[in-house]
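Take a look at this single chain, the form predicted on its own, given in structure tokens.
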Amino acid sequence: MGLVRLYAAVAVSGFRRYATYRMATAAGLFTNTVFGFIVAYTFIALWNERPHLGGYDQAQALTFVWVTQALLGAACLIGGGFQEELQERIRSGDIAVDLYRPADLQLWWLANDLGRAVFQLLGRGVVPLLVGALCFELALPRDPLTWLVFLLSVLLGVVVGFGLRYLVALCAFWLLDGSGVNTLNGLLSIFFSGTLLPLAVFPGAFGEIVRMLPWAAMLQVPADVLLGRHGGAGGVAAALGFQTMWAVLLLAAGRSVQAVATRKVVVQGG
């Protein structure tokens, strides 16, 4: 129970930390909303030319747009999060202090990131989705259970995103500068998560492959859960299982890399 309280306190601290950046939150909220309008009208033009592209009708496509804007901050789809701070602590040698704490390093940063994600979802996610619902005809569900399952899917997507970014952050044990891998991860997240276009519109074998990658679990799966595209309880369970699989694999990979790094690598700075 003591460790549970510790990680809960870390999560609350992460929430409060990001809540202090009010101007940054307001700027992000404004940007998400404006960008949502730009993408929404682009999708309207595209779906007028290609109705039911990717199996979505226009209302579903517009819903996908505004769900994307709601999750951008929480899922760190266009940057942000803890990885740069952790990379700097590795580079400076301050990571040694973290490793001596009576807490697991990975769980500490996961709790911190979950607190951040909750704030970003509330502070930058709710309003854009409401604005989109007021200004466009969206295919939002009325069943409260669907919303609860959607939130569970969002949580799993955030954990998958954390797992990827934790691996990226650990690259700093071997690299002097993590900016390159951060940029690469950002580009992969934008393209393969469905941020630009729903992954269902990608054709053939390429589309099948990208929908099996971990980035799909961050946005594509939660959006499709909300839209009811997984075909009943069995399909939803399979979608959540897909996210859970990637979350477990990535967290396990992060723990393995961390173990190798802390055994074999001399931390930059001392």
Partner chain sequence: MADAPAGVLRRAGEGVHAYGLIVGMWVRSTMAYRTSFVMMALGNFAATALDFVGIAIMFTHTDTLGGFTLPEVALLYGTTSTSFGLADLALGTMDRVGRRVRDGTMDTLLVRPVPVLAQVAADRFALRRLGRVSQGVLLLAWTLYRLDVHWTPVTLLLLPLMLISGAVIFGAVFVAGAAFQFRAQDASEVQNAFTYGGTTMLQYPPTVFATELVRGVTFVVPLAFVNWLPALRILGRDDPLGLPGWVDFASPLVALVCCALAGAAWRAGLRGYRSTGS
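Positions refer to the first chain, counted from 1. Treat the numbers as computed from the prediction; the structure is a model and nothing was measured.
The discussion below concerns the form predicted together with its partner chain, not included here.
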message = I'd like to check something about residue 151: if you look in the predicted complex, is any of its heavy atoms closer than or equal to 4.5 Å to a heavy atom of its partner chain?
response = no
ask   = Might residue 140 be said to contact its partner chain in the predicted complex, defining contact as any heavy atom within 4.5 Å?
value = no
message = Considering non-hydrogen atoms and a 4.5 Å limit, does its partner chain approach residue 92 in the predicted complex?
response = no
ask   = Is residue 28 a contact residue for its partner chain in the predicted complex, using a 4.5 Å heavy atom cut-off?
value = yes
ask   = If we take heavy atoms and a 4.5 Å cut-off, which stretch out of 93-101, 194-202, 126-134, 159-167 is in contact with its partner chain in the predicted complex?
value = 194-202
query = Can you pick the one in 77, 121, 114, 181 that has a heavy atom within 4.5 Å of its partner chain in the predicted complex?
reply = 181
ask   = Does any residue in 28-59 get within 4.5 Å of its partner chain in the predicted complex, counting heavy atoms only, and if so which ones?
value = 28, 30, 31, 34, 35, 38, 41, 42, 43, 45, 46, 49, 50, 53
